[in-house]
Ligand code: AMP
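First, one chain by itself: the form predicted alone, in structure tokens.
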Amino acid sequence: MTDVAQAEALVFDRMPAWPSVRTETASSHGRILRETVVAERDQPPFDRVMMDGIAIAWRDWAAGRRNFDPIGTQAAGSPELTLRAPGQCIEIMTGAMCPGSADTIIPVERLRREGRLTLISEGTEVERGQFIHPRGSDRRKGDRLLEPGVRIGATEVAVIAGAGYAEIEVAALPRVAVISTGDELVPAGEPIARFQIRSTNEFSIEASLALAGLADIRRERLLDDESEILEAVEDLHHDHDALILSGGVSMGQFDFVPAVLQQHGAQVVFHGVAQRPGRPLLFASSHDGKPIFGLPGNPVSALVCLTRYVIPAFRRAAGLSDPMIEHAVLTEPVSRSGKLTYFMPVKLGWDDQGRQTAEPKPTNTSGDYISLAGTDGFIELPKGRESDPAGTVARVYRW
């Protein structure tokens, strides 16, 4: 049986890199950046005024001048005006270029008018260069602003647009088929017999991948029929970049997925991981290198395996930088078998020392998906221990 760390490494080693596509900057939010963004020009591109008021030459202030003759008004987005003689000022607006020959801004709150002249109020303290954002003080033309591997959010969109990119290169969203198998599964809205259950896995899998912005999903539901599953795998493999199956991966009479994948010509990389829940997890690589994940059918197991292996693998395939590793401190002791790595659902919080805490929220069984509501994810407790006392530090995986 494969160890957890080894299973992760085997998945990562066989994941392809998704291709890149170009998209409009306006619709790039949530995507994974695939090119370096460089500064189009100095930022700010000119000496930028930071306050409404007047622009003066510092030498006039230093010479004792306290009243100035306005010779014009310069708004943001208008061409640069220039002081032409001592004692002049230019009325200026926030965001405008600093006028030529001016090097100091006096804010409007410190000014008053007296006839034609603008007077600076008594007691005003003035420093040379105040309220001017110097050209190039943030970045210089050609500076690297964003590197590949970041998820594009609000701040990144602003940087990309500000650098003049109307389009940007991002990771393509892979087409992923999510297949739930089982005669007992019935979708919501359809009549259900007392011996059947509602189908949930395909919806939680789709939600996880969609919320992570990692895939374009197609959902399928199949009966426990070997020929039907094989036909679907053949068809869906042709039109998709990855397959995620749920159910049919254990060792029961109707667990056809391992045999189907062999008939399909896929290489089963591993089948069975030393963990709880989710021990029957299967990972395969198709004849042309497409990843195929076989998740257990029990909902808790399926979601744990998806979060622990599939989501990280898809992040890597998209070129997304590795996330910060998150840890938490157990609030209560946990007893378990030491033979398997244990994934314990938890509710996260904080203690009075500012440490992140993990309150154990065990499910009744791996089919008890209802108990996952209100949890934040799970912690990973390594094999080799029969118990983990309160205060144990464990790695966190959020749903």
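From a predicted model like this one, the values you see are computed outputs, not experimental measurements. Don't overthink the numbering: it's just position in the shown sequence, from 1.
There is also a form predicted in complex with this ligand; it is not shown, and the following applies to it.
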Is L185 near this ligand? Define near as a heavy atom within 4.5 Å, in the predicted complex. yes
Taking 4.5 angstroms as the cut-off for heavy atoms, does P174 touch this ligand in the predicted complex? no
So in the predicted complex, is this ligand close enough to R198 to count as touching (4.5 Å, heavy atoms)? yes
Would E206 count as a contact of this ligand in the predicted complex, using a 4.5 angstroms cut-off between non-hydrogen atoms? no
Though this ligand is not shown, can you say which of P291, G278, P299, P99 has a heavy atom within 4.5 Å of it in the predicted complex? P299
Can you pick out, from Q74, S180, T104, T118, the residue that has a heavy atom within 4.5 Å of this ligand in the predicted complex? S180
Among 136 to 144, 232 to 240, 210 to 218, 247 to 255, which stretch sits within 4.5 Å of this ligand in the predicted complex, heavy atoms only? 247 to 255
Across 121 to 159, which residues bring a heavy atom to within 4.5 Å of this ligand in the predicted complex? none
